[in-house]
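Presented as structure tokens, the chain that follows is alone, the form predicted on its own.
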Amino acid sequence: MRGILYFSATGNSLYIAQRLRGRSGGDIRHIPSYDGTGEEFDEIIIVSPVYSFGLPVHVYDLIPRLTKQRPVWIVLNYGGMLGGADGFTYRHCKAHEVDIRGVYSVKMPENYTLVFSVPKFYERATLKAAPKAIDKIASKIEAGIACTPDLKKSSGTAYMKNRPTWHLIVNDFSVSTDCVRCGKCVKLCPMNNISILDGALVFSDRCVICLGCYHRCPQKAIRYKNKKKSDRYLNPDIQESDIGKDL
């Protein structure tokens, strides 16, 4: 059985995971709630977004505990620039003796849109091109074709510098009067970083900048630097209720 382990806040990685499963089957597991080592699978595919030219905390922390006895493939998705994240990921796997067979990447719509907006025509074009790119990757994995990324662009300097400050982003979050205390953000946060205290939304210091709360608030009540931006992103080809689930 193939294990497809994913991390997703707005649906891009989940979409890829589901499409990969549609090609050759497998169990889909959500990384933040997965405490295994992958030993129960014959092979492992990790689907992850790129954060700061590196990996989300949950994915980065998963790799060292993976079994050394199973082949691992990684599919990264990025919105702006890949920035050597594939090489960084490959090095991270090698450093922990993971049997990494390949690191592939596919462009998906950008969701780190706190201070800018992605033109809708560009978002639509990216989504339209994604299935073909994902299927091409799936074919290579199915054929066992190894993929070693360019390691010359994989220093990880920016990632290691920026990651310790990710949690500070909550200092620039505010909650408008549109908030109805529905608790959705509390439930979906992969770090249990949000709570409702005395009727107010409270952010703790464990944020990993997934932006799930920002994009998926039904009232668009969570703001960055108090900017009243109306546009949010959610992959249109998945069921939002499936994000964060094992499927």
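All values derive from a computational prediction rather than experimental measurement. From 1 onward, residues are counted along the sequence shown.
The same protein has a further form, the form predicted together with a small molecule, not shown here; the description that follows concerns it.
- Of the candidates Phe173, Tyr90, Tyr78, Tyr104, Tyr78 is the one whose heavy atoms come within 4.5 Å of the small molecule in the predicted bound form; the others do not.
- Per the 4.5 Å heavy atom criterion, the small molecule in the predicted bound form is contacted by stretch 51-59, the sole one of 176-184, 190-198, 51-59, 26-34.
- At the 4.5 Å threshold, heavy atoms of Glu123 stay clear of the small molecule in the predicted bound form, well away from it.
- In the predicted bound form, at least one heavy atom of Cys210 sits within 4.5 Å of a heavy atom of the small molecule.
- Put simply, Asn111 is close to the small molecule in the predicted bound form: some heavy atom of it is within 4.5 Å.
- In the predicted bound form, Ala133 stays away from the small molecule, with no heavy atom inside 4.5 Å.
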